[in-house]
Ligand code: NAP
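So this first bit is one chain, no partners, the form predicted alone, shown in C-alpha cells.
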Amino acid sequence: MPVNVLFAATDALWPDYETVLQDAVQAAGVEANLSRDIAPQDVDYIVYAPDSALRDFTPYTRAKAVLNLWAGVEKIAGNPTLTIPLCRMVDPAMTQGMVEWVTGHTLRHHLGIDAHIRNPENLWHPLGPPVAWDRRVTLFGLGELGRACATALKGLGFDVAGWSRTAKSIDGITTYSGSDGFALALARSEIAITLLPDTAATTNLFDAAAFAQMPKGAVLINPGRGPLIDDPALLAALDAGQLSHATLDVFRVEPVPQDHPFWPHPNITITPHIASETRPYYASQTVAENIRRGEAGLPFLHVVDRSLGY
C-alpha cells in the first residue's frame, strides 16, 4: 500500500518538485502517493515550507514526520500543534551553495575587490592585501553549514576560528563557546561570518557591545538570520568606522523595504537571500531518504531539537 505524502509548501513550488520528488521517493524504494490534496487523517508524511498556509497539525493523526524544505525552522519549531518529528533541510547542494557564497564574499573583502573595481586610479601602490594566513576570520555558528564554511576557508589558508553556544570541535580550527568564548571570538574577528539559528538566545546577539569588541575596521558577513543583527547598532558601528563594511543576505523583513536605511548606505552590500538556496533535485533526495527511513523504522535525519529551536 503506498504511503501518502502531502506537499504542503506553496503552490508556486509544486511544479518544481512534483516530478523530482516523486522520482526520488521511488528511487528510494518507497511506493508513494504524492499530492497537494490528501485528507488529513490519511497523510503519512508532510513535505513543508514555513510560508505554507498549514498551521494546525492536529488533524494529521497518522502523520509520522514533517519534512521541512528549508534549513530554517524558527517559524514552525514552536508550533504547539506539531508533536511529531520535525526534520530540517540539510543537503549537500545547500551546504555547497553556502560555502561558495561565504568564501566568495570573504575573498572579496580580504582582497579589497570593491575598492579596486570602483576607483583603481587612486589605488595604484605596491602594497597589496595581506595573505590569507594573516587574516583572522571567525565563523559564529558551527552547525553543518558553519563547519563546512570554516573548513573551506581554512583550506584557502585563512586563520580561521569558530564560536558556538555549546562546545564544538573541528580539526585544525580553534573553537570557542559560551559567553566568555564569545568575547574572545569577537576580539579576533577581522572578518566575522554569522551562521547561527534564529532563537531567543541569538536575537540581537550582534549589538553595539559586540561590535565594540571587534577589531576596528572589521567586516561583518551575515548569511544566517536577520534577527541576529541589531540593525541600528550595525548602522552606528559602520558610521563610526568601527566596522568597515557589512554584507547581508538575510533581514528581519524580506524583501527589504525600499525605505530601509540599509539600501543607500555606502558600506552595506545587500544580496537577496541567495546564499544557500534549496534546490529541488537535491532537497528531494533528503526528503526521500527520510521517508525511506520512516518506513524502515530507522531514526529520521536532521530532527529539530525543540528545546533549542533548531
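Here the structure is a predicted model, which means the values were calculated and not measured. Residues carry their position along the shown sequence, with the first being 1.
Keep in mind the form predicted in complex with this ligand is missing from the figure; the text below concerns it.
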Go through 222-230, 152-160, 109-117, 184-192 and give me the stretch that gets within 4.5 Å of this ligand in the predicted bound form, heavy atoms only.
222-230
Check whether Leu243 has any heavy atom within 4.5 Å of a heavy atom of this ligand in the predicted bound form, and answer yes or no.
no
Can you check whether Arg88 is within 4.5 Å of this ligand in the predicted bound form, heavy atom basis?
yes
Answer with yes or no whether Thr138 is in contact with this ligand in the predicted bound form, where contact means some heavy atom within 4.5 Å.
no
So in the predicted bound form, does Ser169 come within 4.5 Å of this ligand, heavy atom to heavy atom?
no
This ligand isn't shown here, but in the predicted bound form which of Lys64, His265, His273, His260 has a heavy atom within 4.5 Å of it?
His273
The single option of Leu196, Leu82, Val102, Leu234 touching this ligand in the predicted bound form, heavy atom within 4.5 Å:
Leu196
Partner contacts in the predicted bound form for 48-65 (non-hydrogen atom within 4.5 angstroms of this ligand)
none
